[in-house]
Ligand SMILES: Cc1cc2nc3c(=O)[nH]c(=O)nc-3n(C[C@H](O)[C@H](O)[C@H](O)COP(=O)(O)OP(=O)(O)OC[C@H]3O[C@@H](n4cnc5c(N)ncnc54)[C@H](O)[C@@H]3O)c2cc1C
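Form predicted alone, single chain, as structure tokens, below.
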Amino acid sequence: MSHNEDTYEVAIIGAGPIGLELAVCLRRTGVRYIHFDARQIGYTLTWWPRNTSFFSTTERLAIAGVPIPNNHQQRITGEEYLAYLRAVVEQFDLPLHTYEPVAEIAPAGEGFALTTRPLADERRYLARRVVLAIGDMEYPHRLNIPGEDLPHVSHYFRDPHDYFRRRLLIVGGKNSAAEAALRCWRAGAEVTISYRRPQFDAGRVKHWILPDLLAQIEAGTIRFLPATVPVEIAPGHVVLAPADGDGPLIRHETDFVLLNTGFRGDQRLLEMAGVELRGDNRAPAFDPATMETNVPGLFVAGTAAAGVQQRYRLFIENCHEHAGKIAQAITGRWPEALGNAAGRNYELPFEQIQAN
């Protein structure tokens, strides 16, 4: 591939926080890049439950040295963070190709050819390097049981108001399930939790949520069915089985089912590009010093670096250095600002992530 005006130095795929942070790093240094997202910036946050606060505090969520302002000095909601990301895009006037999904990546000379398919159109671009900042929450983890696609069943928690004065079965026992149970109960729902383990793990539920949930279970305001798994969903009820397979089935009457079973990334572009995927988590192989994968010129950034994240190891707050390492590999110097401050030195053990 010859270097000409039709060839971009870098193509960034994914406009979540780390993709945007890298874009700011490149724009500040004058690198000619092009930036794609299949949907809108920060898309994952758009299907978060309304008014859900981050576990991370604001200084850990800020990108490119731009602080997150708020009037309460507490954790912010997904809606507030989306407003912040929009402000960062406006501040740096970041060029974006939103709603333009990249469908194909192929080697082309000394770089890559990208094919995008916005709506019914098809477009082609050339780039010397590609950065995949595609996240890890594209699809829900499906249980693959009868009735999972019925209209009263959802993998996405939208608003507790939806379940006011209705019976709701929540399947799951990590942070999302615990928070949904409390919010829906306080909004007037009759809530039951089915969890495959005999008890909740304090390491997987926010420290200010778990005591509240346990208190409600002890008081009987939220019902808990430990060590159970759903095996069939029907209109009006769910059939639950003992998690260890030993014991009778339970028929649980309910109006709605919320499957808080987690999410997984879409790794098709990684596979298409020839990136080696390792272990049960299918984590991409990359050089921890540069974030460059086994495919020369192709980098991975953000939570996608941890694979499908069956065991969550990467979050926004510990991915800022990805943007720094990639920018340094491309421009030869460390960015002037990452996270919420200039010159912050990020040293994180990504070798441990690759080992899993």
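Each residue number is its position in the shown sequence, starting from 1. Not measured: the values here are computed from a predicted model.
Beyond what is shown, the protein has a form predicted in complex with this ligand; the following relates to that form.
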**OP:** Quick one: find which of 64-72, 34-42, 292-300, 325-333 has residues within 4.5 Å of this ligand in the model of the complex by heavy atom distance.
**Re:** 34-42
Subject >> Distance check, G135 to this ligand in the model of the complex, heavy atom within 4.5 Å >> reply: yes
Original post:
Does at least one non-hydrogen atom of L269 fall within 4.5 angstroms of this ligand in the model of the complex?
Top reply: yes
Original post:
Is E317 one of the residues lying within 4.5 Å of this ligand in the model of the complex, judged by heavy atom distances?
Top reply: yes
Original post:
According to a 4.5 angstroms non-hydrogen atom cut-off, is V102 in contact with this ligand in the model of the complex?
Top reply: yes
Original post:
Looking at this ligand in the model of the complex, which residues in 15-37 have at least one heavy atom within 4.5 Å of it?
Top reply: A15, G16, P17, I18, G19, F36, D37
